[in-house]
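First, one chain by itself: the form predicted alone, in C-alpha cells.
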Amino acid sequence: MRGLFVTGTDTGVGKTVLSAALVAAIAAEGESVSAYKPVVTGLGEEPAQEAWPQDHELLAQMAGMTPEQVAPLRYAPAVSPHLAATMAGERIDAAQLIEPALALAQGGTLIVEGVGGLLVPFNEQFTVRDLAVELALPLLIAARPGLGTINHTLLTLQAARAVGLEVRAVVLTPWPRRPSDLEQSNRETIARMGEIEIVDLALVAHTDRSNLAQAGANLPWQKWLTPGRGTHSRT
C-alpha cells in the first residue's frame, strides 16, 4: 500500500490542512490519490472557521471524491468516535474502518487522516493507533509550534514507536513567518530529543485547490512516500 497516515498530538492541530495539502499536491503532479478519514464527528457544530468546509468535505474536494467516500462514518456530536457511535446506538467495528481504506488504496496513493491523537478509541479495544498499525502506512505527526508542544509531540512519538510505526516527520503548523524564540526552541528540542525530522507548514489561509497544492508542494512528500525511509532522521 502506498500512502501516508496523518495523525496529530491532539484535535485541532492541523491534521486536515496537512492532509488536504498533501492530497492537492500529489493530484497536481498528475498522480492518482485518494483521501480517507474513517470517522468524522462534530457535524452538528459550526465550523471553527466559517469559510472552511468540514474536514471530509475539504478532503473530498482535493481528491475528487464524495464526502461520503472519504468518511464512511459520520456523526453530529462533537465527541470521541466511540461515544458518538454509542449515542447513535451503534458500535464501530475494526473491519468498518480497515476495509474501505484497503479498497481506496487500490487506486493509487492513499492519504489517511486519523481522528484526534493516536490513542483515541473507536471502540473499547480498537484505537487510531491500532488502525495505523493495520494499514502499515508511514506516519506524519501534525503538531502545534507553541507552548506545550514538546510534551505532546514526544509522547505521540513514543506511542507510535512503541508499536513499530514508522514515523517520517513531525510537521509543525501553522509555522509563523517570524517564529518566536519559544517556537524555534520547541522545534530544535523536538528534533533533538525525538530524533525526528521536523518540517514546517505555514498558515494556509484559503481552501482553494491551488493554495493547498502550493502548500503541499513545499513539503517533501515524495521522500515521505519512498519505501524504507528511517524513523530516526535528525535535522
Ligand SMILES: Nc1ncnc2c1ncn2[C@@H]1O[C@H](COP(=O)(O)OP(=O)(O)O)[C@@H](O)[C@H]1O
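Residue numbers run from 1 along the displayed sequence. Bear in mind that the values here come from a model prediction, so they are computed numbers and not experimental data.
Keep in mind that the form predicted in complex with the ligand is missing from the display, and what follows is about it.
- Proximity of Pro220 to the ligand in the predicted complex falls outside the 4.5 Å heavy atom cutoff.
- Taking the partner from the other structure, the ligand in the predicted complex has no heavy atom within 4.5 Å of any heavy atom of Ala25.
- When contacts are judged by a 4.5 Å heavy atom cut-off, Ser34 does not count as touching the ligand in the predicted complex.
- Remark: Met65 does not count among the residues lining the ligand in the predicted complex, judged by a heavy atom distance of 4.5 Å or less.
- Heavy atoms within 4.5 Å of the ligand in the predicted complex are found in one stretch of 198-206, 65-73, 185-193, 26-34, which is 198-206.
- Although the partner is absent from the chain shown here, none of Pro81, Asn123 and Asp130 has a heavy atom within 4.5 Å of the ligand in the predicted complex.
- Applying a 4.5 Å heavy atom cutoff to the ligand in the predicted complex picks out Asp10, Thr11, Gly12, Val13, Gly14, Lys15, Thr16 from 1-16, in order along the sequence.
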